[in-house]
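Just the one chain here, the form predicted on its own, laid out as structure tokens.
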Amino acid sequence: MPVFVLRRLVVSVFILLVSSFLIFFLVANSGDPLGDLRTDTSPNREQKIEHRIEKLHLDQPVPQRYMTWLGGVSKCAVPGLGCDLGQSVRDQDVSVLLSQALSATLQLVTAAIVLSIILGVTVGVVSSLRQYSGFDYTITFTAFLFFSLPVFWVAVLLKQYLAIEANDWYDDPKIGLTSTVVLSLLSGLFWGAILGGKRARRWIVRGTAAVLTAGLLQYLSAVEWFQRPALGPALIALLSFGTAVGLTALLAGLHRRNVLYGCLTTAAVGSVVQFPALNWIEDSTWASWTNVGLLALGAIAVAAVIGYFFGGLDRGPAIRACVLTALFTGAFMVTDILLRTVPSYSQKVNGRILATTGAETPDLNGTFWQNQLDQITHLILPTLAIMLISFATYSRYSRATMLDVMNQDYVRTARAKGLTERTVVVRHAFRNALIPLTTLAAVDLGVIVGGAVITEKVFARRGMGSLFVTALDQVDPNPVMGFYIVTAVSIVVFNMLADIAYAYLDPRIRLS
């Protein structure tokens, strides 16, 4: 493994050198960085031109300018020397511009890509297990529909029919009879397709889901939950226990009682601890992501001990399931705090709780949780726009790879040996189906660090894509090269991680 990584690093360095010189040469000859100053009518025009020539080293030939730029970039690899990516035409430090743009892009794309991978792969796997069913046809149609839609059009639709309509609805948040009927029917169709089974069973599931959805919506509207949303201690506990059962079924199987008891114990501890924990992290004096992280680390440690104690011979699956149960319980607590912050946040933004542009509300001056909720509401629409397009890709790839793997001889052999369907699907089929998905995710993650240019433009977010386009328009070489080096290094690193992941997913693959 070390030899493989070292060899890949050496090859990657040469690739980056050659490609960076090519990009630098093309950018240097793509336009005149002094073009705006040549038409300047101010008295100190000549001084401005001389200053820019000196800052951008325009008096040097292109190869020498490249070596000067490369010398500054090489300092980034050595801690303490100070990273020097040059200056922009506006006398701004490119390192600062990149750090700001990269931070904005990572905020935007991280949630989008994680959600698209999780949802896309999950739906794709379920679709492959329900091949040629109504659910499969619906997901296939939906995926191709999303994949064919231009992202700018999706973004505009989300602005109009999600943000604006939702903000208008929140002025008087009640669920009418027509909305209840429509949502109940959609819920019934959804759960009937997910659970599947014979026709009689599907109709029972559809009817039960529709009735429960209608009752829940009317109850929430009657108690004015939408005006004062919250999960509450009882629902947090119920969700925690449900998560414990679900994770046990997925990771170990419900027949392993020791794992189930460990997860249920973890959920019980979390349900009790939520009272002091919520009071602590919700208080304005202690509210910070640092304290939330400390609580998460404490929860992981306690859950690992519980999993180790209950695990017995299944300590590995027990510890993993208990730790995930603890993390989900913590996520429910944070969600509860954010929901209870909605009314006070709504007053500060005049009831427009779902933002359509920008990264934050100017001059909000809110509490810690109000500021976090503000950032989340500004991320919802662009995240959805990116996620819907990526979801189609991951769902189609996961469905195709799972169908291919499920027809392999070793899967039939596993079934013939009497293994449970969960073991066959999760341990044998799904793990091998992840190999092509790993390649797709690695390329996607590396490229998407470069920013979603169209999405950032529509939602007025200044990320990597916006920085790149602005630099090209202004014939500004250093920000373009900064954008390139970050994107290229990201692609190299993620591809290397994908190669390493291959050996973990399939022991037949050896790295040497």
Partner chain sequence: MPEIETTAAVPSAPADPPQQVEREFTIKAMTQRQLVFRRFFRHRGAMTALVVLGAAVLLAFSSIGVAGIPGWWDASYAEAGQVVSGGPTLDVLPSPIDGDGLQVGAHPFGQDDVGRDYFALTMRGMQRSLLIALLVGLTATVIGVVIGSLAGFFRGKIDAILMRVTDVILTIPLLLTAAVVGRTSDGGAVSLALLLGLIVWTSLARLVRGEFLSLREKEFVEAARALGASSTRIIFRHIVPNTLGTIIVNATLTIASAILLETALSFLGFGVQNPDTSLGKLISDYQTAFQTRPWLFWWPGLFIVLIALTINFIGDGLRDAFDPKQTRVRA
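In this text, rigid core is short for the largest set of C-alphas that superpose within 1.5 Å between two forms. Numbering follows the first chain given and starts at 1. All values reported here derive from a predicted model rather than from experimental measurement.
What comes next is about the form predicted in complex with the partner chain, which is not displayed.
- The stretch in contact with the partner chain in the predicted bound form, judged by heavy atoms within 4.5 Å, is 405 to 413, chosen from 116 to 124, 221 to 229, 405 to 413, 207 to 215.
- T285 falls outside the set of residues with a heavy atom inside 4.5 Å of the partner chain in the predicted bound form.
- In the predicted bound form, no heavy atom of V305 sits within 4.5 Å of the partner chain.
- With a 4.5 Å cutoff on heavy atoms, F190 does not count as touching the partner chain in the predicted bound form; it lies far away.
- Contact check for P150: a non-hydrogen atom falls within 4.5 Å of the partner chain in the predicted bound form.
- Site annotation in the predicted bound form: the residue of I49, V453, V62, A460 reaching within 4.5 Å of the partner chain with a heavy atom is V453.
- For the options V469, L34, L58, L70, the residue carrying a heavy atom within 4.5 angstroms of the partner chain in the predicted bound form is V469.
- Along 24 to 38, a non-hydrogen atom within 4.5 Å of the partner chain in the predicted bound form is carried by L26, V27, N29, S30, in order along the sequence.
- The rigid-core alignment places the CA of V475 2 Å or more apart between this form and the one not shown.
- Here V27 counts as shifted, since its C-alpha moves by at least 2 Å between this form and the one not shown after the core is aligned.
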